[in-house]
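This document opens with one chain alone, in structure tokens, the form predicted on its own.
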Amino acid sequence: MKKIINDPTTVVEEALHGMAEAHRDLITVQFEPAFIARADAPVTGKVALVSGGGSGHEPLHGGFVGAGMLDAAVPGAVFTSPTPDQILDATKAVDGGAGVLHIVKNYTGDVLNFETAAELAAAEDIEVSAVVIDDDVAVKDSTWTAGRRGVGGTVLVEKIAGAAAARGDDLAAVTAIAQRVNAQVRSMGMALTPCTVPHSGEPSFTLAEDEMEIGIGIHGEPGRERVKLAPADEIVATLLGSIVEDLPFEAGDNTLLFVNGMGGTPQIELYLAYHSASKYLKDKGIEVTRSLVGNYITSLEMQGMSITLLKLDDEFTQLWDAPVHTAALRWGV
């Protein structure tokens, strides 16, 4: 195992110190229990957005804390759900009196712990609603979930719902927008290599030099099939074929295309894949008017990518374009 670390047991804590030092204008970090909050939290009268999950997917979620997106992010250990007390303390810290929306990826531990924290917050008179993200079309049930996994669509939900909260929507309206985005977004990923969790020191799975895993999860969970490596156009067609038929997306649809790296994929390959995806969608009469390309929801150093497609309407487009200022996303400010 080759990693830039000191001690496998302190990776998350030391990384959080680094985030706090690098982005002191945007965030504050608490350590007992650990969570990341907006530097100006709580924002009085604004619905607060809280998300979180296992570490190792950076910049998700801490990189998306700031104006126009999340109010707090709760990091668990690597690939491990945060605890209810972490989530509760984050919820209390950012509650501005207008209620709190929990954005939860559909993994069993995350769902249970966020539910527990919401119940504890309600006992302290904090109104909490939750949206569970389940955009992965690869498999219905997997090692970590009952039902579909929450993957790249999470970034889009956090941005669009965050913009709705920033413009002053109430908790019911922000929740409804997050639910609508989740209903209109689909994702699927693939891997060329495994990743290595620091405390284990061993790759999460094995792939031959000429193999790839189609439908991989962000923790290295198995996908639909293991196949021989293929050219980018074929890989993209496999992923997008499943995505497009699932919603389904149809000719004339206006979309946001998100090509995401899994942590170890160079940007040049992601843009090449975006070009393949753009051609594929154009051939089907599906219009792409918004885009995102880069490493935004990763799996440590895994080489691979995921593709996410969101069906846009005028409101989604307006909210996507709205100003955002976080460590990982910034425009309009």
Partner chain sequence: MVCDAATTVAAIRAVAATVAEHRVELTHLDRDIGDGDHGENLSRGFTAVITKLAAGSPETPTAVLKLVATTLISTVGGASGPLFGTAFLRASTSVGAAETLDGTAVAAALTAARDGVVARGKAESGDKTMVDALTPAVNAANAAADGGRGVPEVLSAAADAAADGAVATTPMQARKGRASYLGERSIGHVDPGAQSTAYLLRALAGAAAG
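The structure displayed is predicted, hence computed values, not measured ones. Positions refer to the first chain, counted from 1.
Separately, the form predicted together with its partner chain exists; it is not shown, and the next lines address it.
Student: Is E124 near its partner chain? Define near as a heavy atom within 4.5 Å, in the model of the complex.
Tutor: Contact check for E124: no, nothing within 4.5 Å of its partner chain in the model of the complex.
Student: At the 4.5 Å heavy atom threshold, is F249 in contact with its partner chain in the model of the complex?
Tutor: No, F249 sits far enough from its partner chain in the model of the complex that none of its heavy atoms falls within 4.5 Å.
Student: Counting only non-hydrogen atoms and a 4.5 angstroms cut-off, does T116 reach its partner chain in the model of the complex?
Tutor: Looking in the model of the complex, residue contacts with its partner chain include T116, since a heavy atom lies within 4.5 Å.
Student: Given that its partner chain is not shown alongside this chain, does L112 nevertheless sit within 4.5 Å of it in the model of the complex, heavy atom to heavy atom?
Tutor: L112: contacts its partner chain in the model of the complex.
Student: Quick check: do I177, S242 and T317 each get a heavy atom within 4.5 Å of its partner chain in the model of the complex?
Tutor: No, because I177, S242 and T317 lack any heavy atom that approaches its partner chain to within 4.5 Å in the model of the complex.
Student: If contact means any heavy atom within 4.5 Å, which of 103 to 111, 89 to 97, 160 to 168, 179 to 187 contacts its partner chain in the model of the complex?
Tutor: Of the options, only 103 to 111 has residues within 4.5 Å of the partner.
Student: What residues, if any, in 217 to 232 have a non-hydrogen atom within 4.5 angstroms of its partner chain in the model of the complex?
Tutor: Counting only heavy atoms within 4.5 Å of its partner chain in the model of the complex, the contacting residues of 217 to 232 are H219, E221, P222, G223, R224, E225, R226.
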